[in-house]
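Take a look at this single chain, the form predicted on its own, given in structure tokens.
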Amino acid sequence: MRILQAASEAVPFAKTGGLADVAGSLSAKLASLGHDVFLFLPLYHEARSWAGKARRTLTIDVPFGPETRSLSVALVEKENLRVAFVDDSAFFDRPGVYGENGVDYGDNDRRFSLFCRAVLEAAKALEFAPEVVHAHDWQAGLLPILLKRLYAGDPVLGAAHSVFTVHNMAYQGLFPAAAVQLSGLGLKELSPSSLEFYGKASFLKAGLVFADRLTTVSPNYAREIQESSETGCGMEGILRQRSHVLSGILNGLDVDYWNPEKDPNLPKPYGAATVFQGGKAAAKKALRQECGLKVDSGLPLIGIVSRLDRQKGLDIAIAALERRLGGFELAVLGSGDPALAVSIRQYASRHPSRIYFREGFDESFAHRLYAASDIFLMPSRFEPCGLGQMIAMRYGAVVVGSRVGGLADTVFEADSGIGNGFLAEPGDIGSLERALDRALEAYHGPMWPKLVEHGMRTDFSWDRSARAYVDLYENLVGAVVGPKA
């Protein structure tokens, strides 16, 4: 099957979050299954080294509002995956992907309108006729409507079907109404049945309304986003109307990259069969020394690897942990909300021998922290899927998380037959405290090895998820149900 994947980021080329992990890993997995996959990405500053490996570069002219912009497209092959980097240096050769210092670029509507139109013009120039165009999140949300409005009769793209995946409903790509004209769409699209959302143009809504199939990143999140304005972020009505084409497909994990048996960041490899034979203990000892933690190592080490954001529930986590300080050590890696960073930094400064905080993102340290953690804390208020809990379990940590979104699809209470963690109600500090207490008690009891083993032996690979996408694509090619005009 010919599949065009379009995303604003993808590993290993550019990454700010989980979208990159999914877009990159899914594309690579589909290609490894024998499908003809072309992944389209903007050529950001951090990805420019990849352009030097291009086997071919072409120039395309892209209609853009009242002008036409001349762009280059660098074509790279990584194993059996083809990647097309859309290069407009004025828009994409910048220090950040979406912004800098926590502030979005003011022209993101222009940047990603251009990207969407350029993806389709590049596919035409390459004579790549996809059966499916799979767009990810608001940055690629205009692709389904562009296919229907501007390319329906095109000899290369006219037969393409569209899939739109929402990775997080909270990010909607809301821009001034004039943004719709940049990509060639008319002002008639500023209607409630099209892109208009409370007086603005929503790139996310474009995908939700016009894609032939909708997916999101876990079965539970697919249900949640239809239930209320809090979870659906104002789009719940559209999602309920289109529930017959909405699927929740749990994200997969790159199990070759996240593999404690061959992870070069760890002092000693280990797997599910050898986790208690020194490998995980060595990781914990090394990280404690690195972080200056000096309390009795017989205590469990709680790890947090997270974006610092209210969504992640770390504000109530710090309050819950403060009340039971004597029973654990804590190491935190993350960046984001400055106020939350100050709160965690102050917490660590009050207890420097027990609490460590590294602000920022450090990939190697993240690997070491996952491996060193006995308990991994993920108390999200909402979590579309989450990869952190999957990585943590693969590295032998037991998860304390919220009963929400993808966490509820992957973390199961310790007293169940397939228990691998402990769940709390989202945003409820009392419930989180009780879950932490259960985990800390279990750490010193006989059930702990079984919890660790259950987590490590869970199949989080892309094998299952990629095949679910293939089934969806194949079904779609035979029955299109999205709006035609």
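Note that residue numbering begins at 1 and tracks the sequence as displayed. This one's a predicted model, so the numbers in the text were calculated from it and none came from an experiment.
Another form exists, predicted in complex with ligand ADP; not displayed. Remarks below refer to it.
Heavy atoms within 4.5 Å of ligand ADP in the model of the complex: does residue 370 have any?
Judged by the heavy-atom cut-off of 4.5 Å, residue 370 is in contact with ligand ADP in the model of the complex.
In the model of the complex, does residue 12 have a heavy atom within 4.5 Å of ligand ADP?
Taking the distances in the model of the complex, the answer for residue 12 is no, it never comes within 4.5 Å of ligand ADP.
Report yes if any heavy atom of residue 335 sits within 4.5 Å of a heavy atom of ligand ADP in the model of the complex; otherwise report no.
Although ligand ADP is absent here, residue 335 would touch it in the model of the complex, with heavy atoms inside 4.5 Å.
Might residue 311 be said to contact ligand ADP in the model of the complex, defining contact as any heavy atom within 4.5 Å?
Yes - in the model of the complex, heavy atoms of residue 311 and ligand ADP come within 4.5 Å of each other.
Could you spot which one of 347, 151, 361, 128 gets a heavy atom to within 4.5 Å of ligand ADP in the model of the complex?
Only one option qualifies, and that one is 361.
Just to confirm, with a 4.5 Å cut-off on non-hydrogen atoms, which of 305, 321, 275, 157 contacts ligand ADP in the model of the complex?
Looking at 305, 321, 275, 157 one by one, just 305 meets the 4.5 Å heavy-atom criterion.
Just one stretch in 387-395, 99-107, 267-275, 313-321 has heavy atoms within 4.5 Å of ligand ADP in the model of the complex, so which one is it?
Stretch with heavy atoms near the partner: 387-395.
Do any residues of 254-285 have a non-hydrogen atom within 4.5 angstroms of ligand ADP in the model of the complex? If so, which ones, in sequence order?
Heavy-atom contacts to ligand ADP in the model of the complex: only 258.
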